[in-house]
Structure formats: C-alpha cells, structure tokens
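Next up: just one chain, as structure tokens, the form predicted alone.
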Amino acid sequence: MVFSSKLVEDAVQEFSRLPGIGKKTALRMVLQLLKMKEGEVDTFTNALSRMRHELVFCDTCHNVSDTTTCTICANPGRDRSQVCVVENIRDVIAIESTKQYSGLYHVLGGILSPLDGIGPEQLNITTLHDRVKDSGVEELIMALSPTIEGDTTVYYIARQFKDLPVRITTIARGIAFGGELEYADEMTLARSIAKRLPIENYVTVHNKAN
C-alpha cells in the first residue's frame, strides 16, 4: 500500500495494530477521520487518551472502572450473596447484556494455561478467596468458557474452596464445548446462567463424557 502522506501512513499503521483490523479497514477509518471536523476528531482522541490514562480496576472485583469501586460493586440493589466468576471484562459485559443476573462479579484476568505460563499466581484467585471468606458470599457461579483450560480452572477453584461454606455452581451447557463465552448469543447465555448446575453435577457429567 503506497501513501502520499507519511502522517496518513503512520495513522493507518497504528489502527492496523488493533485486533481484526487490516490495512484496508484501517485506511477506511483514517479517511473517515479526515472527513470529520477537527473538534470531533479531538473529542475522539481525547476519549481514547483519557480511557487509557484514567481507567482503573475495581479493588473488589477487578472489573474496569472510573473509580476504585466499580458501579456494579457499589450498587446496593445487587445480590451480594452471589458472585459470578468470569475470565475477563468482555464476559462481564456479555452477561450484563442478558439482564438475567443481578449478583456481583469477580474477574480472574485469564484462565489456567500452563503451556502459556499462566498459573494460579497470575490470576485473581487469592482475592476471590478473601471475598468468600470475609464477605458472606453464599454462591460462586463459575461462568468460564467451556474449554479444556476453562474446565481446568473450574476444577482448581472448586478444590481450593472446598473447605469454605460456599456453594459452587457452573453455567449450564447451553454453550457448546470449546466455545467462547463472549460470542454466545444473549438468549443462550441467559439460559445458561438461569439453569446453572452444582459443581458436583458438572464434574460428573464431564467425566462421563470423557
């Protein structure tokens, strides 16, 4: 791709660094920005800059937030006896979009994957243990993607929490094994949350399948 402007070339290069954005798509984005008024472009770039520099993570659940306590954790109307354990922030957004869950969340920041060097120490498991121990949580809903790595993480957490008075459930298999939670449609995800299973049932079914 040949550019007559180094400024345009640099902008295209930066946009193309985003996941799923090729050079042609990046060029369309840059050309669209050139059609916008300078003030609109300034608003766009300022929003990105502020997000990157001012965004923090919730001290309680590790979700993205504008303050040290996210709006979900701060909401007195949420059911504080339930904590939905998810892999990442995208999964929080996906579940919230179903409007079928009113409890709290805990973002692990990933799932166990020894081949990628991700062990328990790299995940937010210790803070989850502290929440269950100190905050009167009655149920942990394991809403991890149904993959080998996701299942391994579910089993590991279940073992770590076996001595605590907390019920551990997992979302129903409305989501196909090997799928990613964030790509599930809202209806399927809502049903999986509503028809969640005790972890013992989940382990039994999984073992029979293998």
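Note that this is a predicted model, so its numbers are computed, not measured. Heads up: residue numbers just count along the shown sequence, starting at 1.
Not on display, but discussed next: the form predicted together with a further copy of the same chain.
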item: Partner-contacting position among V166, M142, V30, I157 - heavy atom within 4.5 Å of a further copy of the same chain in the model of the complex; value: V30
item: 4.5 angstroms heavy atom contact with a further copy of the same chain in the model of the complex for A172; value: no
item: Partner contact for D59 in the model of the complex: a further copy of the same chain, 4.5 angstroms, heavy atom; value: no
item: Non-hydrogen atom contact L104 with a further copy of the same chain in the model of the complex at 4.5 angstroms; value: no
item: Any non-hydrogen atom of K133 within 4.5 angstroms of a further copy of the same chain in the model of the complex; value: no
item: Segment assignment from 134 to 142, 79 to 87, 113 to 121, 96 to 104: heavy atom within 4.5 Å of a further copy of the same chain in the model of the complex; value: 96 to 104
item: Residues within stretch 38 to 63 having a non-hydrogen atom within 4.5 Å of a further copy of the same chain in the model of the complex; value: E38, E40, V41, D42, T43, F44, T45, A47, L48, S49, R50, M51, R52, H53, E54, L55, N63
